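Only one chain comes next, encoded as structure tokens, the form predicted on its own.
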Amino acid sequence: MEQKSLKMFCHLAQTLHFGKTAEAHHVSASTLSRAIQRIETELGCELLLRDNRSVVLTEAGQQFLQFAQQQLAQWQSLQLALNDQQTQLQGKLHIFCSVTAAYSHLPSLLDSFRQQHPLVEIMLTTGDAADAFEQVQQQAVDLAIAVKPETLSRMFHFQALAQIPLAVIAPTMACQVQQAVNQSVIPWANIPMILPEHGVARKRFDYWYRRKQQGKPNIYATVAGHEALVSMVALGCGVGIAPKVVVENSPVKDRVQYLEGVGDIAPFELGICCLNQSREQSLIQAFLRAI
């Protein structure tokens, strides 16, 4: 069986969505469907149960997934072994991180890795840090700089990098929000809040606000990404919680202020994550060792 078909099947087994897998591999959904059907014909059994609403792996599909993952890992190891007796690693390593992490943490990691493995091509995708684990789970990327969740699934390997403090931020410009937070007793129930859509930061906010016993928060907006949150606070739209590293690297950092004495917020644990099943692949293993 060709490597591309095995890769598409492994990806589909994670997403259980023909459209997402077809897009990730730059093929049409019909081409993907024919590739899966060819595998099923060769094996003489169904690997997937599919209808208009859902896709589910059969028991045979679960067994074939393990086989396909092993074959792909062995193929990559063989390629590397035949490449100048492993004197130089080659290939592509796809990494996901937030825009802030791309210039706050990633450069030093890549400097160390590239000194040891200069022939490896780095493919970088940036986005909301809260989406990092999903990107890895769907095998859209090999590695991600991510915030460790409160409960880490066994499917992931997480290697810690740093503790990231969080802060409550407000605008410095003259506006109603700025006037409210400067009062001796801050009327939290009336202050517009700007929140992350989801992820660890949203949970940190929920816990922090519940302790104030002010009823439901006045949510002005929810945004994807801490960078956008800091910008909205700087524009005077409301108050929010953000990692200090995002604030310090923001082009509008002079337009926001940290609020002191408003309650402690547990820091983030930032690290590198990958799938446990991919951890032993040569490129991923080399990157984890390098950092």
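The structure displayed is predicted, hence computed values, not measured ones. Start at 1 with the first residue shown and count on from there. C-alpha atoms forming the largest set that superposes within 1.5 Å between two forms make up the rigid core.
A second form of this protein, the form predicted together with the DNA, is not displayed here; the remarks below concern that form.
Notebook entry, point to check: Quick one: which of 152 to 160, 111 to 119, 191 to 199, 171 to 179 gets within 4.5 Å of the DNA in the predicted complex, going by heavy atoms?
Noted result: Single hit among the candidates: 152 to 160.
Check: If you check 249, 222, 37, 63 against the DNA in the predicted complex, which one has a heavy atom within 4.5 Å?
Finding: Looking at 249, 222, 37, 63 one by one, just 37 meets the 4.5 Å heavy-atom criterion.
Check: Of 265, 228, 43, 55, which one comes within 4.5 Å of the DNA in the predicted complex, counting heavy atoms only?
Finding: Filtering the options by heavy-atom distance leaves 55.
Check: Check 92, 104 and 279: does every one of them have a heavy atom within 4.5 Å of the DNA in the predicted complex?
Finding: So, no: the whole triplet misses the DNA.
Checklist line | residue 70: touches the DNA in the predicted complex, heavy atom cutoff 4.5 angstroms | finding: Residue 70 lies outside the contact set for the DNA.
Notebook entry, point to check: Should residue 29 be classed as touching the DNA in the predicted complex when contacts are defined as heavy atoms within 4.5 Å?
Noted result: Yes, residue 29 sits close enough to the DNA in the predicted complex that at least one of its heavy atoms falls within 4.5 Å.
Note to self: If we define contact as a non-hydrogen atom of the residue within 4.5 angstroms of the partner, is residue 50 a contact of the DNA in the predicted complex?
What the structure shows: Yes - in the predicted complex, heavy atoms of residue 50 and the DNA come within 4.5 Å of each other.
Notebook entry, point to check: So, does residue 176 move by 2 Å or more at the CA between the shown form and the other one, with the core held fixed?
Noted result: No, its C-alpha moves less than 2 Å.
Check: Core aligned, does the CA of residue 23 move at least 2 Å between the shown form and the other one?
Finding: Indeed, residue 23 is displaced by 2 Å or more.
Item checked: Displaced residue check between the shown form and the other one: residue 223, CA, 2 Å or over, core reference -> For residue 223, whose C-alpha is compared between the shown form and the other one after core superposition, the shift is less than 2 Å.
Margin query: Taking the cut-off of 3 Å or more as given, in which direction does the distance between the C-alpha atoms of residue 26 and residue 146 change in the predicted complex, closer or farther?
Written below: Between the C-alphas of residue 146 and residue 26, the gap narrows in the predicted complex (3 Å or more compared with this form).
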